[in-house]
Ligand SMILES: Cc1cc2nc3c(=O)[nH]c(=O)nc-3n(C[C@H](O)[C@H](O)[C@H](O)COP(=O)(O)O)c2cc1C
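Single chain ahead, written as structure tokens, the form predicted on its own.
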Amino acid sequence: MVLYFSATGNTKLIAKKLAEHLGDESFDLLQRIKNRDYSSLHSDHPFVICSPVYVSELPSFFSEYLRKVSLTGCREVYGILTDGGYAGIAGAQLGRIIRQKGMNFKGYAEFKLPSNHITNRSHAEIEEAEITKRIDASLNKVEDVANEIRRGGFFKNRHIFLLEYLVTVPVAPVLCYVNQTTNGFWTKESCISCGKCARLCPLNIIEIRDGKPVWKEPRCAHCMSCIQNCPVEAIEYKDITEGRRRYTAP
């Protein structure tokens, strides 16, 4: 079973393609995460857990979900990480969670895909040609990854240096606390009150009031789901995102 969370489609794209090549089912964990549903998921085939990488780590809400959910049946687990070019310590985090469940972690494959993070000026926009290049390269890689999983192989992962842990573990939470605020989000008059942003928010912190989205908590994961999936591009963040290209995976 291929399990995934995806905010703007990168992880979903790879998860769906992997499931096709493996002849297995893919399962979107969004609603389970929103509802805090940790009931058992069963698979007679290896579990393939697909996750984006946020600030060099697994999304905190996703790692929390994985720790609590019950996985039954096959005890072998593969990881799939989608990122903009650096997975940080996310693979090691996933491995630790899986081993703590008493399961056999067989490594992870990494896919470099277009970044969706547009609420920070330090993240430059990716040109259309680079978007196409990254997607094509990732799709070409899927079959080889599926073949390795099918034959029960083990992904050889790069060594994560101690310095990476020493920088990421204390620094990432601080960066998230400072930068991942919700008070910068605002909505233009073009909002059509469709409620898509609220439905897709993995943390359930958006609700529709008087026809407009309202962020109920001061901080979020900045998964970009609300701003990138808005059908009329009505959601902005401070003065950073106006005029910037929106991105969802094809």
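Residue numbers run from 1 along the displayed sequence. Just so it is clear, the model here is predicted, and its values are computed rather than measured.
One more form of this protein exists, namely the form predicted in complex with this ligand; it is left out here, but the text below deals with it.
- At a distance threshold of 4.5 angstroms between non-hydrogen atoms, residue 43 is out of contact with this ligand in the predicted bound form.
- This ligand is not shown here, and in the predicted bound form it never comes within 4.5 Å of any heavy atom of residue 3.
- Shown alone here, residue 73 lies farther than 4.5 Å from this ligand in the predicted bound form, counting heavy atoms only.
- At a distance threshold of 4.5 angstroms between non-hydrogen atoms, residue 10 is in contact with this ligand in the predicted bound form.
- Comparing 79-87, 139-147, 153-161, 94-102 against this ligand in the predicted bound form, the single stretch with non-hydrogen atoms within 4.5 angstroms of it is 79-87.
- Using a 4.5 Å cut-off on any heavy atom, the residues of 209-232 that reach this ligand in the predicted bound form are, in sequence order, 221, 222, 223, 224.
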